[in-house]
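Below, in structure tokens: the form predicted on its own, a single chain.
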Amino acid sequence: MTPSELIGRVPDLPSLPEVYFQVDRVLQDPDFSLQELSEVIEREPAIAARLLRLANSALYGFSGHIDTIQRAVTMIGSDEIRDLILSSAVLSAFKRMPVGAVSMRSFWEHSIACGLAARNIAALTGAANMQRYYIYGLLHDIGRLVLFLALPQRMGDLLIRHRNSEGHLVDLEHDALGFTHETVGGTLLEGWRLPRALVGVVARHHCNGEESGAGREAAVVHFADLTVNAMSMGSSGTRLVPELDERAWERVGLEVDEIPILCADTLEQFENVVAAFFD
């Protein structure tokens, strides 16, 4: 079975809401107006409300209260608004799916924490376009949700083996299926017509040496995932801290004495951002 065939086995697999593609089309027009963009977002009240909560959360730490979508777009920037809509849409689409093997709340807490940690690493290392790292981290394990939905019994068995210390869950996936949640996630996002850079990061975030083709963005998400697993911030099913890929660590560019700052910043932001997603 290929990853595409596996995705096709999931009944009622969510798709992205039209508002995401409407926003993307608006942003493709070099003459778009903030009012036009705001009006498109406001047609989806639930997403607009979550967007305002996120704009006022510790994810940004603005001093004044942001109470309109147009103000949020002005303060945050149109490209990052698109990413926030994407993150909100994906969470809304999946959070009520019947995944019995893991707690959906814990899964998204892990994903949010990884997104925050990736963004904080980008900030500490002076990465360009640091805001994109949040969505990279948030969606890194989306393929594992698909595996749980498509193969509940088989994944349940792999979880038992993993919890009996028979190996890392990602390695057990590969041995049992011939591919991992990374490939499934990349295939899903590619089918959703999402940006190639995002697809590549999700498909390679465990890095696994030079042969993986993973770039710096995937290396940052790899270390962010390792960090929040070590801090027990939610879980996508694994109970072991992923193995650190040494080549990925070199690409990240973080100093060892900056790791406590990374952990403190991520913890400080975490509860507030989780509340913005789930309230």
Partner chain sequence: MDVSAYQSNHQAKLKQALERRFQLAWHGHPAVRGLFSACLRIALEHSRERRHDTL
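Keep in mind that what you see is a predicted model, and the values were worked out from it rather than measured. Numbering follows the first chain given and starts at 1.
FYI, the form predicted in complex with the partner chain isn't displayed, but the following is about it.
Listed residues 49, 58, 27, 240 were compared with the partner chain in the predicted bound form; 240 is the one with a heavy atom within 4.5 Å. Within 4.5 Å of the partner chain in the predicted bound form, a heavy atom is found for every one of 231, 256 and 263. For the chain shown alone, residue 153 is not a contact residue for the partner chain in the predicted bound form, no non-hydrogen atom being within 4.5 angstroms. Interface residue remark: residue 10 is not counted as part of the site for the partner chain in the predicted bound form, having no heavy atom within 4.5 Å. In the predicted bound form, residue 67 stays away from the partner chain, with no heavy atom inside 4.5 Å.
Although the partner is absent from this view, residue 40 stays clear of the partner chain in the predicted bound form, with no non-hydrogen atom inside 4.5 angstroms. Comparing 139 to 147, 107 to 115, 163 to 171, 78 to 86 against the partner chain in the predicted bound form, the single stretch with non-hydrogen atoms within 4.5 angstroms of it is 163 to 171.
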